[in-house]
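Just one chain is shown here, as structure tokens, and it is the form predicted on its own.
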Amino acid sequence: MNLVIIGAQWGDEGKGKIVDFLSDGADVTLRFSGGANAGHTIVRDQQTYKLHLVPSGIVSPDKTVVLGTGMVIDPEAFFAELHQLTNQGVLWEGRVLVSDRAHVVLPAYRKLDVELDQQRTEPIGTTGRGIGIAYSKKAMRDGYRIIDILEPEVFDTIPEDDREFLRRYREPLADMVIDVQRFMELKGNKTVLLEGAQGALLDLDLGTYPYVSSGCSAAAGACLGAGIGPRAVDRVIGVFKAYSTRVGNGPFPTEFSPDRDGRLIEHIRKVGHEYGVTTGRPRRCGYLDLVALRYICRSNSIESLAMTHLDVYDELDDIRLCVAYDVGQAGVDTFPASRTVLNRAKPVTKRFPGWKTSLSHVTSYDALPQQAREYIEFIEQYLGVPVDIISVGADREQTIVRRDPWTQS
């Protein structure tokens, strides 16, 4: 079975925890896109793991993880992350594999990434990890793949400064490299969890262009990153927060406004720990945007949802979510391509009473307060997609499963 899991908002939805939780049912976790600009946090046995390149399934013992074809890999960041995992007691040797077709991020890309963003009339707010440069060079046919730095004939054509940087990584990488398509072909009955990066609203084609990532963070990217066809995908799961966040610039119709929402953003940011894993920047926060979420569900064939951070709302008297946009002359309930329209859109909200109690120890859906269940069930009705997993805390045990995603339907 091949199960795809993507972020259904602007990233930072809590995919790391959900992937870690679901990895118990997987033999292999394959990350199909992105680079070190991603940040996935996992809490297990009171220890916190912060991952950027290594797939989240690595924390599960005896599981194999693969860095797929659609990724762009900074070797320095990659091996630093593996070193940190070693320090935290994770035995990763022999369990981490790398696609020979994945592209390489070179040191000069990071500096160029920042410089280009500073030169833009409207900066995107890049993480400065060189990701966009690597993808642009890939598209221009000027990049280097993992296989290219391992083959002497190609390696000798790389500029000397870059060769000097890459030399120290050639031998350790050689022990990890695989042909992903062949690997997937020979996997037999193994279960594979295909893990995306960022969120689908940051996808290069589906997202709020140009304020997007340079890779494919939509479900379609799983096929390219894993070397499989679209008919080989059995199910797509979307992860979303009970509210919305965004890092960097770009349209955000439901963003909290001090004039309208008072100090709500401070509360959400503090309780939800809304600071970027990669950059440390405070995240922009807003109401759950059902207009955008429905667009992502439909454009990615999402048939199952995982909600995170529901517990962040525990202390609030009332909760609101966005059901449409007020764009000045009329209301719209579809997600527009126009950034002009999105920039002037105001959220049309629906109010729900808060539950005013801690959800952190709730272990079943029926044990949730009625107010929380009403909030979830409205979301399901609006989207036409079930919320099968609900996270009520950072630890993997704080997870309510209504339907096992690994169960074929």
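Just count from 1 along the sequence shown to find any residue number. Since the model is a prediction, treat every value here as computed from it, not as a measurement.
What comes next is about the form predicted in complex with guanosine-5'-diphosphate, which does not appear here.
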query: Answer range among 144-152, 301-309, 285-293, 221-229 for contact with guanosine-5'-diphosphate, defined in the predicted complex as heavy atoms within 4.5 Å; finding: 301-309
query: 4.5 Å heavy atom contact, residue 349 to guanosine-5'-diphosphate in the predicted complex; finding: no
query: 4.5 angstroms heavy atom contact with guanosine-5'-diphosphate in the predicted complex for residue 391; finding: yes
query: Any non-hydrogen atom of residue 342 within 4.5 angstroms of guanosine-5'-diphosphate in the predicted complex; finding: no
query: Partner contact for residue 41 in the predicted complex: guanosine-5'-diphosphate, 4.5 angstroms, heavy atom; finding: yes
query: Those residues of 55-77 which, in the predicted complex, come within 4.5 Å of guanosine-5'-diphosphate by heavy atom; finding: none
